[in-house]
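Starting off, we have a lone chain in the form predicted on its own, written out as structure tokens.
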């Protein structure tokens, strides 16, 4: 990976400046905060390019990816586009030796991830996914208490769940072809959380899904109404992941870690540890999570590019949740568990 003497030597850009959540501005501001220089924006909507020009006076704006690569001089781009475009766009930049940060998920298939990782290595470029939630307070607290302090003993199983009952909207995230499916949004976050705690290789994935409950403008291409996966790890731990919009009685607690000495329930704002003594007496300890440190994402990227520290969210790390989701989708379709292949 090419290294820079100082962060101000790194010219950055974004691909996609859509109005939803205003993520283009967010990425550029976070990169700028580290000392990197916002330089260019690529967007097909010219009205949004005008907004980018107002947000960052003097920034170069493009509607052509080839022109941006040829003329802008950017060293790194953040790709903020629908999921099914990540791999194709990233490959264009990586092959030119331009580093890439993809909004999560890195891609939709394991094969796409592998091609991107290969291109990054061959062209000495950084490849990462914007897993800023790696530094959410909820998972920082869970890692401290489960991994470092061993407060629930040896980990046995993990149950992760989100969603509820409600019709998906008509935006592109409700299209299975474009988004990858119901588990490719929050499911990626939950897997990235849990893989920080489950220190083991993936051996097998069983996927289940239910479709066609809701009608949207995407018709038969509407995302699954529920996606469910059972993941086995080579240390004996197993994990259940459910993302749903048809569950009318979803259980409390975002992620539940069960160990030999207790259960840890992780929510975004707080946690709960449940234990039983040998006499059957139940104890519950509740607390607030530590503060989130999402700004550490781009700080780490900048420090990696200037040789100060190792990249935390590598392409290989980003690949792990995608491998699980890819196998889960294929398993649900085939109706059988699928073994995970290791590189």
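Numbering follows the first chain given and starts at 1. Predicted, not measured: the structure shown is a model, and the values here were computed from it.
This next part talks about the form predicted together with a small molecule, which is not shown.
Of the residues 303, 45, 295, 316, just one reaches the small molecule in the predicted complex with a heavy atom at 4.5 Å or closer; this is 45. Site annotation in the predicted complex: the residue of 145, 176, 104, 161 reaching within 4.5 Å of the small molecule with a heavy atom is 104.
Residues with any non-hydrogen atom within 4.5 angstroms of the small molecule in the predicted complex fall in just one of 149 to 157, 82 to 90, 267 to 275, 211 to 219: 82 to 90. Mapping the unseen interface onto this chain, residue 75 falls outside it, with no heavy atom inside 4.5 Å of the small molecule in the predicted complex. In the predicted complex, the small molecule sits within 4.5 Å of a heavy atom belonging to residue 132. Residue contact with the small molecule in the predicted complex: residue 19 places a heavy atom within 4.5 Å of it.
Residue contact check for residue 232: none of its heavy atoms lie within 4.5 Å of the small molecule in the predicted complex. For the three marked residues, 25, 29 and 126, no heavy atom of any sits within 4.5 Å of the small molecule in the predicted complex.
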